[in-house]
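First comes one chain, alone, set out as structure tokens in the form predicted on its own.
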């Protein structure tokens, strides 16, 4: 690797002051699970890394807010999400998804903010958070702002983050939580090999009352260049009972609407068929949680 400077600020203002919107060679680093691999492969050659490890005490918390939202600190590890009682109570779909994400060594180090800022389309957390209507909290030298997952991730490894901004947290609203009567599930297709990435991820979330689905959200990951809402499928699922006919129609609508990509995990046609089938399975998995 090319030599680089490593700085370890202890406060958020210090960290922001060390970043630069003009210099692409200066990068923040959280867990570093993706960044270090890219550096070893010579994909990135930063001149300065600003370690956020010293901010973990303030940005690593998982807590409920006064209005009932679930707050995930930007530096909370994926393992912390996996084992958090608050996450299991408010958003159990995250708990279930984490147990099948990479391996325990990665989950112990990788962070919530890093998983979002990296914007790898094969990541599991972004589509799950998108299905839960999460908002990403961002800090920069000019202040703070919030974005949805749709607004944050703009393309293949691309985000709306400026180089001198840091993801400080994620907020999942109370209306998206289990207590609000919301069901959610995440399914992915993978061979589970040691170096495997999923060919498809499907996250669904909806309200379920009187045997009727409403306010459905369907988000596709891995098979697309970014987490992608399937709005035609959502419309078909909403106000339905989730019966087999509706699930088939919703799967067909998803397959027709979403732009799938071809990569090492499979062709676009293969992923389209996977999505058509797995949407119904994801809905049924969510209904099984009721």
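This one's a predicted model, so the numbers in the text were calculated from it and none came from an experiment. Positions refer to the first chain, counted from 1.
Same protein, other form: the form predicted in complex with a small molecule, not shown, and the subject of what follows.
**Message:** Taking the small molecule as it sits in the predicted complex, is residue 165 in contact with it (heavy atom to heavy atom, 4.5 Å or less)?
**Reply:** Residue 165: yes, in contact with the small molecule in the predicted complex.
**Request:** Could you confirm whether residue 147 comes within 4.5 Å of the small molecule in the predicted complex, counting heavy atoms only?
**Result:** Contact with the small molecule, no.
**Contact flag, residue 230 vs the small molecule in the predicted complex, heavy atom cut 4.5 Å** = Residue 230: no contact with the small molecule in the predicted complex.
**Request:** Using a 4.5 Å heavy atom cut-off, state whether residue 52 contacts the small molecule in the predicted complex.
**Result:** Contact check for residue 52: yes, within 4.5 Å of the small molecule in the predicted complex.
**Request:** Would you mind picking the one in 102, 79, 171, 95 that has a heavy atom within 4.5 Å of the small molecule in the predicted complex?
**Result:** Residue within 4.5 Å of the partner: 102.
**Item:** Of 90, 182, 217, 188, the one that lies within 4.5 Å of the small molecule in the predicted complex (heavy atoms)
**Value:** It is 188.
**Asked** When the small molecule is placed as it is in the predicted complex, which of 231-239, 251-259, 217-225, 30-38 ends up with heavy atoms within 4.5 Å of it?
**Response** Heavy atoms within 4.5 Å of the small molecule in the predicted complex occur in 30-38.
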